[in-house]
Ligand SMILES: Nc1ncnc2c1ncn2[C@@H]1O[C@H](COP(=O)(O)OP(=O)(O)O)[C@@H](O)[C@H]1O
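The chain below stands alone and is given in structure tokens; this is the form predicted on its own.
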Amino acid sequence: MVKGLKELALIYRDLSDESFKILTVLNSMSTKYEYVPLELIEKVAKLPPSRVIKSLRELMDVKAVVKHKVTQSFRLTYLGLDLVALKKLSDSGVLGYIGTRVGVGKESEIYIAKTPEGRVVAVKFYKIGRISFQKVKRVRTYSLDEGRWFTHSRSAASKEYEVLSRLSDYTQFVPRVYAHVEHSVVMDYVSGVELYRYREALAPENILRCVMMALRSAYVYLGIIHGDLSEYNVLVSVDEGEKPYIIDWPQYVYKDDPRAEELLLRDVSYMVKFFKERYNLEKRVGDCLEFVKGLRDEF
């Protein structure tokens, strides 16, 4: 629930307008510079040098910005990028409140939030490379360009938003999305349990059927394949009668991709195997594959 020494919401609340301006400057230059020189920050921000230094100190204190070990230059951290995204989402009227962290994975963090109208949503921040980047920092003394991971994370957020905004028109078994900014996606908050933790299913065959229906909608209507489906990216909403939601779509491929058949077979086979081992549910992979492709109507 905590980001560094303080929760993300508290850091956001306490930052000055000038500090947000500095974050915006650093973000705008993150694709060109690994570390942005101080004189360039001052020039673009159009603030007195003393105010820039004060804001940079504030941002370094909360670990939103780090300074180069040798030169007078600075760069964003993922926390800094989180703050930039939240500022944009707030200013555009998408978010009115950001709460605590409710989920964390290898490449993302999920926060609960509310729209200005009071609708409960989730904000997913992609953090691609975060784990490997931290490992590299522990064993190397030289710098690694974290900015390139920001680019990958922005791309992942864009791809997930794009596919979910289209797919939710054809299936109810994916979250509906509302916005994406930088490396973040705002979507429906699903109060669910990850499938790998869900052991006492009342109707496992229906859960699997719904998962296959979502894959079918993706394949038939959009011509896409999830590409990395497992029990870790299926949420089961008990409050909605064991309704599954498939999440994590940025690695999807189109069905004319050379890897498409292999990935579709993997997705289907993996789920059939999981339901066999967990719930003793017998299903033929070939039958499920034909169902997903729209070649048969009965599951």
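As the structure is a prediction and not an experimental result, all values here were calculated from the model. Numbering starts at 1 and runs along the sequence shown.
Keep in mind that the form predicted together with this ligand is not shown, yet the notes after this line are about it.
Among 253, 235, 271, 41, the residue placing a heavy atom within 4.5 Å of this ligand in the model of the complex is 235. Shown without its partner, this chain lists 179, 212, 201, 122 as candidates; in the model of the complex, only 122 has a non-hydrogen atom within 4.5 angstroms of this ligand. Heavy atoms within 4.5 Å of this ligand in the model of the complex are found in one stretch of 75 to 83, 190 to 198, 213 to 221, 90 to 98, which is 190 to 198. In the model of the complex, this ligand stays beyond 4.5 Å of every heavy atom belonging to residue 207.
Proximity of residue 108 to this ligand in the model of the complex: non-hydrogen atoms within 4.5 Å are present.
By the criterion of a heavy atom within 4.5 Å, residue 242 is excluded from the residues contacting this ligand in the model of the complex. The closest non-hydrogen atom of residue 26 lies beyond 4.5 Å of this ligand in the model of the complex. Applying a 4.5 Å heavy atom cutoff to this ligand in the model of the complex picks out 247, 248 from 241 to 271, in order along the sequence.
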